[in-house]
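Form predicted on its own, single chain, as structure tokens, below.
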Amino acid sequence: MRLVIARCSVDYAGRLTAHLPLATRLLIAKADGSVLVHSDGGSYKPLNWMSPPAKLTVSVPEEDQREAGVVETWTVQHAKTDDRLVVSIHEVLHDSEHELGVDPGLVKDGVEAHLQKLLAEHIATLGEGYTLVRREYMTAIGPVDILARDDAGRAVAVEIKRRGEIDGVEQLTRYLELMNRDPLLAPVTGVFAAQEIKPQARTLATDRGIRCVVLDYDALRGIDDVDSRLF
């Protein structure tokens, strides 16, 4: 991972256009090809970014750019679309690279772990004819919570969250991109399952062809003991 603090301007072109004027920002270039642009505010969310698969090219600026004070240009081109992120760097204040190694992945809290177990045991919650392949299906970037097959026998990757937010949709998107490269699995569709799904996350999931399912934790727990209910 490369971390650069620089005075820069940023332009995004593709399905949308956006411009960030000259300011001091943190640039993060990850080994997976993604590039993120952060300010000192906004919590974890970047000001702009390019998701993988993408390629970063660092080049010498054109003469007119040099006259404007640009010393280096980053061009991040998405591999599957025309989307492009261009970072015009005027001054580098810090530049370092770090090898992070393989991340063990997020350790789920008790509720998420139990949701995964319950949904795996009652996979038909996702639809009639669904069958479980396995829990924690490993990919090159971490485990998918559940791998299932639908009533037509097609592979379905399921990501489970207690609270469904945009980060979870992005995580499932990365899994799907990798899994759909495997001829033994493809085509793989996605299901984003959570107790609560934020509107922005639902919109993003729908745009990417991912189905959203709201899970009722209490109902799932009760499935095991229907006969003992008084009502």
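Heads up: residue numbers just count along the shown sequence, starting at 1. Computed from a predicted structure; not experimentally measured.
Only in words, not in the display: the form predicted together with the DNA, which the text now covers.
Visitor: Based on heavy atom distances of at most 4.5 Å to the DNA in the predicted bound form, which listed stretch, 153-161, 67-75, 127-135, 93-101, is the contact stretch?
Guide: In short, 153-161.
Visitor: Can you tell me whether N180 touches the DNA? I mean in the predicted bound form, with a 4.5 angstroms heavy atom cut-off.
Guide: Outside the cut-off, so no.
Visitor: Hey, in the predicted bound form, is N48 touching the DNA, heavy atoms inside 4.5 Å?
Guide: Answer yes; at least one heavy atom of N48 falls within 4.5 Å of the DNA in the predicted bound form.
Visitor: With the cut-off set at 4.5 Å between non-hydrogen atoms, does Q200 touch the DNA in the predicted bound form?
Guide: Close contact exists here: in the predicted bound form, Q200 approaches the DNA to within 4.5 Å, heavy atoms only.
Visitor: Even though the partner isn't displayed, in the predicted bound form is S59 close enough to the DNA, meaning a heavy atom within 4.5 Å?
Guide: The answer is no: S59 has no heavy atom within 4.5 Å of the DNA.
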